[in-house]
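Next comes just one chain, in structure tokens: the form predicted on its own.
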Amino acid sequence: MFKKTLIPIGLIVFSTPVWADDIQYDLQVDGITCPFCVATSEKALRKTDGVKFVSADLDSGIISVCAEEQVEFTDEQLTELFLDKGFTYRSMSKLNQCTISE
């Protein structure tokens, strides 16, 4: 009887996916001056595979992106993304964990 209960429990434990740690990018962007600007930028960033949350601070011009660990933004990619939206990408910093959530 004991062996019969251990097998299903073992299958559940070992079949559970391992979740990767999330990372956070803080992006300095010029030209974000209104809630519509924020919404446009957030929508564009959310289209990137692996992006979980996006939050923007209108006063500082910083957009924070929480993403899966394998997401790697480049300066060239972000320059093009924001230029297409009418904004100027300035810089990026990367944190090993997310401090934002939805």
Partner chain sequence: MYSALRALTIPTIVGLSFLMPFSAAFAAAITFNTALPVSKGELIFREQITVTRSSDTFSGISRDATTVKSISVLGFGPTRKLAVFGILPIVNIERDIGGIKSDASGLGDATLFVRFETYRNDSPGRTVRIAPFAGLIVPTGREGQTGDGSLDVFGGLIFTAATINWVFDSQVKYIINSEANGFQRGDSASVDASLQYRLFSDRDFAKIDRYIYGVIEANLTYFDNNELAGFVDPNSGGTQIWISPGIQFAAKRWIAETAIRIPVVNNLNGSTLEQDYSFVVSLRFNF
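This is a predicted model, so every value here is computed, not measured. Numbering follows the first chain given and starts at 1.
In what follows, reference is made to the form predicted together with the partner chain, a form of this protein that is not presented.
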Wondering, does Gly50 line up within 4.5 Å of the partner chain in the model of the complex on heavy atoms?
no
Report yes if any heavy atom of Tyr25 sits within 4.5 Å of a heavy atom of the partner chain in the model of the complex; otherwise report no.
no
Can Val71 be called a contact residue for the partner chain in the model of the complex at 4.5 Å between heavy atoms?
no
Is Lys94 close enough to touch the partner chain in the model of the complex, meaning at least one heavy atom pair within 4.5 Å?
no
Counting only heavy atoms, which residues in 21-52 are within 4.5 Å of the partner chain in the model of the complex?
Gln28, Asp30, Gly31, Ile32, Thr33, Cys34, Pro35, Phe36, Cys37, Val38, Ala39, Thr40, Glu42, Lys43
